[in-house]
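Only one chain is shown below, in C-alpha cells, and it's the form predicted alone.
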Amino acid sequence: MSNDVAVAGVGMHPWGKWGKNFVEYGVHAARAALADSGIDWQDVGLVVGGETVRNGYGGYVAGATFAQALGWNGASVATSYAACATGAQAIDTARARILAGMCDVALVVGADTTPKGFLAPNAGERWDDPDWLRFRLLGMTNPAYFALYARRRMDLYGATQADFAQVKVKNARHGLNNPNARYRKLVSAEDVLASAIVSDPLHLLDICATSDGAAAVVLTSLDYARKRGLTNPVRVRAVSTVTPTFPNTVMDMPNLSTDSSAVAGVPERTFKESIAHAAYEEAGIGPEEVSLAEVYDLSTALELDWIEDLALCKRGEAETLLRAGDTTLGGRIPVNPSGGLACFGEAVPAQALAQVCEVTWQLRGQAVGRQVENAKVGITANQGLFGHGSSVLLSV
C-alpha cells in the first residue's frame, strides 16, 4: 500500500528580521502555497500549525491561530511541536489524516518571530528540563555543542577549519539567487576564518543566525490531485520521525551524559543515521537514487555529519566529497542548494517546511538560479531536542 500524498502547493515568507508578528509571516506563506496549488481556502479540510514557543498563547495553538487569521472556514485544526523537527511532524500529521480518508486537502504552516541572540530555553526555574539545565549548570549554549561535534570530526576524520569554511562558501554561493534567503552575499574562506571565534574551532560565519520567517505546504490525496489535473505531482514518499534507540552512544543535545553500552551493546545505527534509514525503508528508495539533500546546517561541520548520516557517502568521507565539488551545484549530490540555514537562519517551526518547499521547487524544475539538473528525488533532515528527528523524502 502506498503512503504517498501529493504536494499541490508550496509558499514561503522571506527570512530576515522584520519585527512583525509570526502570524503575518505564516499567513503570507499560506496564501502563497494556496495560490501555487490553485486550491481555494474554502476547500482546505485541515490546518496543521507548527508551534512556536516564543510567541505566547497564539504560538502554542498555532493551527487555530493560522485558521483564524486566514478566516474561519470550518476546517479541523492540529498543532505540532518537535523543536527543529516541527515542520516534518506537522506534515506527518496532515499526511496521516489524508491517508485515513478523513480529508482531501491539508494546509501545513510554520512561522516564527525570533529573539536576538542564542535560542535560549524559556524563562523560569525548570529543574526537570535538561535543555534548561545545560544552560544553567554548564553554560552550554547550542554553539558549544556544535563545536564539540566539529572537534569530533577533526579528531576522527581529519577535518580542518578550512573544510568547515568551504561549506559556508558553497552555501553562500547557492543562496545568492534565492529570493527567500536572508543572506545573499558571496563569502570567501578567508572571510570565514577571519570572523570571530564563537566556540573553538567554529567561527561566527560557521554558525547560523536566528531569523523570522515562514513556510507552508498544501498536501492532497493522489485522487484529489488527479481530479485537479495534477497528473504527475511531487509526492511525499516518506516521513521519518523516529526516536533514539537505547543506548544512545553518541551524545546529542541536550544530554549531559550518555549511556553505557556495556550491557546492551552498541546499536546498529546512531540516532541521526536511523532517521534517514527509516525514510529510505518506507519509500523503497535508496540513497544512491537521491538527487539532492536539504540538511540541518546549524553549523558548517554539522552539514558534513548529515551527509554521512543520510548515507550519501561512507563515514568519514564527507570532506572528500566537499573538496571534490560533489556537494555543490553541478556536483554528484548537491547539498543545501537553497543556501541552507547558513543563508536563512533558524525560524524553528518553519525550517523543515522550508526544506520541503525547496525540494519541491527543485523537483519541479522551478529553482531559478540554483536548479539541480534532472532532479528526481530529494531528501531532508532535521534534528530537534529531546529525541526529535525528522526526514522527508520526496520524488516525482
Partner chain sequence: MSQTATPAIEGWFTTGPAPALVGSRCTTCATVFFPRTGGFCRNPACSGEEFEGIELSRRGRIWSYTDAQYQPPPPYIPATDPYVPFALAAVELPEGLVVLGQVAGGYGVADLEVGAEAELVVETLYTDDTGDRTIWRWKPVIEMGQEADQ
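Worth saying up front: this structure is predicted, and the values here are computed from it rather than measured. Positions refer to the first chain, counted from 1.
Here the subject shifts to the form predicted together with its partner chain, a form of this protein not shown in this document.
The single contact residue among 151, 228, 277, 173, judged by any heavy atom lying within 4.5 Å of its partner chain in the predicted bound form, is 151. Between the options 194, 186, 162, 156, the residue in contact with its partner chain in the predicted bound form by a heavy atom within 4.5 angstroms is 156. Looking at residue 138, you'd find a heavy atom of it within 4.5 angstroms of its partner chain in the predicted bound form. Interface residue remark: residue 223 is not counted as part of the site for its partner chain in the predicted bound form, having no heavy atom within 4.5 Å. In the predicted bound form, residue 324 stays away from its partner chain, with no heavy atom inside 4.5 Å. Taking the partner from the other structure, its partner chain in the predicted bound form has a heavy atom within 4.5 Å of a heavy atom of residue 27.
Per the 4.5 Å heavy atom criterion, its partner chain in the predicted bound form is contacted by stretch 124-132, the sole one of 308-316, 124-132, 163-171, 212-220. Residues 27, 31, 41, 42 are the ones in 24-50 with at least one heavy atom within 4.5 Å of its partner chain in the predicted bound form, listed in sequence order.
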